[in-house]
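One chain follows as structure tokens, the form predicted alone.
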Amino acid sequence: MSNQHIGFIGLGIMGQPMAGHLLDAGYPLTVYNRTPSKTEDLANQGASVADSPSQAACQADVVITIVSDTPDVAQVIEGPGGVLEGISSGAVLIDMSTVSPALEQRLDGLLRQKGASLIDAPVSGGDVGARNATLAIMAGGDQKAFERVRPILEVMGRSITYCGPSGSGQLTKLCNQILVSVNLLAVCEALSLASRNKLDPMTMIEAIQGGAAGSWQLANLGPKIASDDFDPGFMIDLMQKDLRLVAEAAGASNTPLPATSLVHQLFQSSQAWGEGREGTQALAKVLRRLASG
């Protein structure tokens, strides 16, 4: 059993199984979630439950946060009862949310004033990767702090990459979201063409996925689109949040992203149709509506 005590904040679709892997690996764990009922399963498995982010951090050697958006991260870290009030000198905070790189750089400065370190370490792989501990984790921040927490990250992910100084993990994740979203649009277009020409979509997927056009999106979301399964592994609303962060970074660096801008607008159409809480594969519905005239 590891003697590093971990405070874990955020027990949503991703956080719940990630925290469970740490508990299974023998790490002493204190959990906090804004909705207390989401802590019950982990408490039954032996985790302690905190009343605030500050309490989750106060005895932790490592604190992990994974919440929905930039304001949520700011709130749980620097808000009243936040991590900054409880974190100890020498501790490491790993933020695994997908948020603004600029926020991570600012929080890094605040944590340094407390003698603590920040690693921004967003993830890719969705709920499947979280459940199977096969996430891709891209990390930024102090490299010595990163090496110290690498064994913890390896419990939750399969691919662990140090990307550079503070904010680099978030910038890498934004590049990831460009590739994911634009590739998903290509999958939706291919399935649309197949269906409208009476080609069995599953046959098309089987024929293509082992070749140069194969991708995670095609192999995992293609069959869901073909079977009208739009349950969320990763919601459109969350992808749109990420694409807004991409747009902000692109604007700040004067980087044109025409394909990303298009898919961002198409997802906005999904939201206008009330589909924001469906899986990102519901993008296929937008193409169906366009094809139906």
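Each residue number is its position in the shown sequence, starting from 1. Between two forms, the rigid core is defined as the largest C-alpha subset superposing within 1.5 Å. Bear in mind the structure is a predicted one, so any value in this text is a computation, not a measurement.
Missing here is the form predicted in complex with a further copy of the same chain; even so, the following discussion is about that form.
When contacts are judged by a 4.5 Å heavy atom cut-off, residue 155 does not count as touching a further copy of the same chain in the predicted complex.
Taking the partner from elsewhere, residue 262 is found to have a heavy atom lying within 4.5 Å of a further copy of the same chain in the predicted complex.
Taking the partner from the other structure, a further copy of the same chain in the predicted complex has a heavy atom within 4.5 Å of a heavy atom of residue 185. Among residues of the shown chain, residue 214 is one whose heavy atoms approach a further copy of the same chain to within 4.5 Å in the predicted complex. Only one of 109-117, 68-76, 89-97, 157-165 lies within 4.5 Å of a further copy of the same chain in the predicted complex by heavy atoms, and it is 157-165. Scanning 235, 266, 49, 58 against a further copy of the same chain in the predicted complex with a 4.5 Å heavy atom cut-off leaves one residue, 266.
Highlighted residues 25, 43 and 227: none comes within 4.5 Å of a further copy of the same chain in the predicted complex, counting any heavy atom. Heavy atoms closer than or equal to 4.5 Å to a further copy of the same chain in the predicted complex belong, across 164-195, to the residues 168, 171, 172, 174, 175, 176, 178, 179, 180, 182, 183, 185, 186, 187, 189, 190, 192, 193, 194, ordered by sequence position. Relative to the superposed core, residue 217 undergoes a Cα shift of 2 Å or more between this form and the one not shown. Annotation: Cα of residue 285 displaced by at least 2 Å between this form and the one not shown, core superposition.
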